[in-house]
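Quick heads-up: it's one chain on its own, the form predicted on its own, in structure tokens.
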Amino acid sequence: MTSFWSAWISVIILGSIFGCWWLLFATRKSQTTDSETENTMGHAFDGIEEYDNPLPKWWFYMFISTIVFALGYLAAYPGLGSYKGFLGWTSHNQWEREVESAEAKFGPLFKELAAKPITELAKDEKALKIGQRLFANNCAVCHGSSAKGAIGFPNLTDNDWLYGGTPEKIKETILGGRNGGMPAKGLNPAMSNSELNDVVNYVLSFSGRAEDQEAAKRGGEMFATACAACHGADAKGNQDIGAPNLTDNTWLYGGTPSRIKQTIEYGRAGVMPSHQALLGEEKVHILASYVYSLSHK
């Protein structure tokens, strides 16, 4: 912050406070009496008259105390431009102290739990409660509080996994994150609209929903050249690259004909951020056990 803006903010804040102080005493000075009277202000509206009485003393002193408190607060804490306050408080150093305190308190527990296999933790009630809270704070915003996902965000409670559902793969996914991408029209950017509809019918045929069997047959030929490299000749996907299985009727971006066509025509790009720097190895280990437990009741 430049010195100009620092001064500008300080002037506005202090001017507002002292303006309130002046207004409070100016109005009090104009009062004709220091106690309650039957005198009125000399005007009425709809039969209602206003008495010419001063502020109650408790109210007046409350105003004074708020002004004094405001000045004391601004002297002790940041608030006047670039002035840091004589206590030296910042939200950063408070956060760091809280993190240090939490690490000292819970670090040994995390270390103890992280030494156990994920499959064992998935049956440990205490570990699952911790994992559920880690999930709620870091994962639920995308996957939902029930972990059932949404359009573009995988359901973590079933057995359909893009990158594998083993304990090791789940932990790898959380630690390193994932970058999934499907190019528009697969490996054939010249795919026509009619060919696109054929591929949609072919994909729908795996779940018995093809609207045109002849189109589905033609779509199989186009699928082999444009899609099979990632999804496999049998369309059962490839977990090494995150290509989903198209034969199980489980859809990340929706399984209606229009949704499938949109996916093929425009492609998809999904990113899951890495949580290694945010949570660390031990917390991710516990979180992975919770995620693993969701599909292994």
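Counting begins at 1, following the sequence as shown. Source: prediction; values computed, not measured.
We do not show the form predicted in complex with a small molecule, though everything after this point is about it.
The shortest heavy atom separation between residue 201 and the small molecule in the predicted bound form exceeds 4.5 Å. Although the partner is absent here, residue 244 is a contact residue: one of its heavy atoms lies within 4.5 angstroms of the small molecule in the predicted bound form. Although the partner is absent here, residue 230 lies within 4.5 Å of the small molecule in the predicted bound form, judged by heavy atoms. When contacts are judged by a 4.5 Å heavy atom cut-off, residue 141 counts as touching the small molecule in the predicted bound form.
You can rule out all but one of 63-71, 49-57, 35-43, 258-266: in the predicted bound form, only 258-266 has residues with a heavy atom within 4.5 Å of the small molecule. Note on contacts: among 108, 181, 117, 208, the single residue with a heavy atom within 4.5 Å of the small molecule in the predicted bound form is 181.
Screening 122, 170, 215, 113 for any heavy atom within 4.5 Å of the small molecule in the predicted bound form leaves a single hit, 170. Proximity to the small molecule in the predicted bound form holds for none of 7, 77 and 104, with the criterion being a heavy atom within 4.5 Å.
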